[in-house]
Structure formats: structure tokens, C-alpha cells
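One chain comes next, on its own, written out as C-alpha cells in the form predicted alone.
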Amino acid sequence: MEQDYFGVGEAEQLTVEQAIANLRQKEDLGSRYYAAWWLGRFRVKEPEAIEVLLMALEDESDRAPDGGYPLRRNAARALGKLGEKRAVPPLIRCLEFPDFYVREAATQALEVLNDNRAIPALVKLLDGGVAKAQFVPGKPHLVQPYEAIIEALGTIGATEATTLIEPFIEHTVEKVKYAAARAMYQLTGNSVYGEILVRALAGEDLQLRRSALMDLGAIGYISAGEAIAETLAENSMKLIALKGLLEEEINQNVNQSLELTQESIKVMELMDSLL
């Protein structure tokens, strides 16, 4: 998950015009990197901002010591945050880029944009299945950003990918397992997959419990309410997850009745108990 590395005070020092100008220039790579982040962080949707971000997505000059492309990563994230559909084709092209983190950022942006044009390219990244989904020698990551890919396919609603996604529930990396369970629940509605995430809430690792909380909130698995409230994690994280459950329950029933369901009321009571 992306983190914001700049304080509010620093962020406020830029204007839209300055950010765009900084991204256009070629000399100060740090300013370009920050400008791309800033435009996404503050949801700047002016046409000129979109234009420079699309240009940054093709940039060749900003290279990290490890050979990566930091500016491209930030541009991809920003275009996703801005909901810019024109970015879908270039983001799809980024899925073939050699930099793992560019592929990951592009995948995450495509999930936010929720455009089914991305499905074939995302599915292609699952070629070889679990057997190929191994760590790159000497690197801290797998050969593909499988967690992001699978989550994106679930969000976009790629039901044709279920047979490719389901085996990843047996992957050795827990977050990839969770992503597969999350996507399979979104694509099938089968509670078996929701319960995999519920069981993960009892795990020993706090980071993994947090991850499962966010996955349950993202899919709105209403049966997880009490388990979420009882999870050994920060109340703020549990409230975010419960909010996801409540929103999904209300969205599913909004056309059936103007009254809250018993499930919605229960989730609200659980939220109150955490405040």
C-alpha cells in the first residue's frame, strides 16, 4: 500500500501551477517525483495536470540506483487517484514494464479506475499460476505483484479469471492468499472465501491481521462484524473495516427498503462499542 512520505506543511508549499511546472522540467528529479505525488494527493484534475502525469508515465530519465523508475510509479498512482480513464491504455502498457514496482503501481491504479479493458493484460500476468509465483532471487518481491493483480481482478469483476485466482489461496505468502480469498468472494459471493479472511483475524502477526481487516472491509463481508470488533488490532483499523461492511450492507439494500437492516444496526452497535 502506498504511503504519503511528505508532511502537510511541506505539501502546502506548492501550488497547482508550480507542481505542473516542476513536473515539466527535467533537471530536478526530486521535485518532479514530489510534484507527481502532490498532484495525486490533492486530486488535481486540471487538463494540464493530467497531461504532464501521462508524460511522466513514459519518462526515461528518473532512474533509481536499483534501476527502477520512481517517477513512473508516482505518476501511475496519481492517475489512478484522479480517476483518469485516458490513463487506462498507458497503464496497461506499464504492466509489461521491467520495473516490478511500476507494474505494481499501474495495477493498483487500474483497480481504482475499475475498467474492464485491463482484464486481459492482468490475467496474462497470472500465466504459470502458483508454480511460477516465486520470489525473484536476491529481491524482496515475487516475479509479479500478485497481491495487487488478484485484488484488481476481483474489484473489476473478472469472473472469467476465477479458475486462475482460486489456486492462489494455497500460496505460501499470506497476503497473496488473502488477496485470492478476497477476490474469490467478490467474484462468487461464496462465504467460504470470506471465512478464510475471518480466520486470518486470529493470526499471530499484527500486520497480517491488519491486512485481513482491510480485505474484509473492502468486500463488505457482513458476517465478519463481531470477529472484526474482537480482533487484536487498533480500534481505528477495526472501525475502517466495519465502515466497509456497513456501506456494503446499505448499498445492497438501498432499493429494497428505506429502513436499516438488522445487520446494519448490529454493525453500527459494534462501531459504537469501539468509540
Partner chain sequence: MTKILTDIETLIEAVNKADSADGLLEAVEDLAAAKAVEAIPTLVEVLGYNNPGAAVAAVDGLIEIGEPVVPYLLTNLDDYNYGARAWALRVFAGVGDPSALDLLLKAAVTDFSQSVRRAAARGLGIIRWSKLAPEKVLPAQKEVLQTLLLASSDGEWVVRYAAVVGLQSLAKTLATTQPKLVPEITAKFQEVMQTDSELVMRARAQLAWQQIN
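Just so it is clear, the structure is predicted and the values come from calculations on it, not from any experiment. Positions refer to the first chain, counted from 1.
One more form of this protein, predicted in complex with the partner chain, exists but is not displayed; see below.
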**Study point:** Residue contact check: Ser223 to the partner chain in the predicted complex, 4.5 Å heavy atom
**Key:** no
| task | Indicate whether Val16 is a 4.5 Å heavy atom neighbour of the partner chain in the predicted complex. | result | no
Worksheet item: Can you check whether Glu234 is within 4.5 Å of the partner chain in the predicted complex, heavy atom basis?
Response: yes
Answer with yes or no whether Leu246 is in contact with the partner chain in the predicted complex, where contact means some heavy atom within 4.5 Å. yes
The partner chain in the predicted complex has a heavy atom of only one listed residue within 4.5 Å, and of Leu54, Leu208, Ile250, Leu29 that residue is Ile250
Only hit among Ala227, Leu239, Ile50, Ala218 for heavy atom within 4.5 Å of the partner chain in the predicted complex is Leu239
Within 4.5 Å of the partner chain in the predicted complex, heavy atom basis, the matching stretch of 198-206, 138-146, 92-100, 76-84 is 198-206
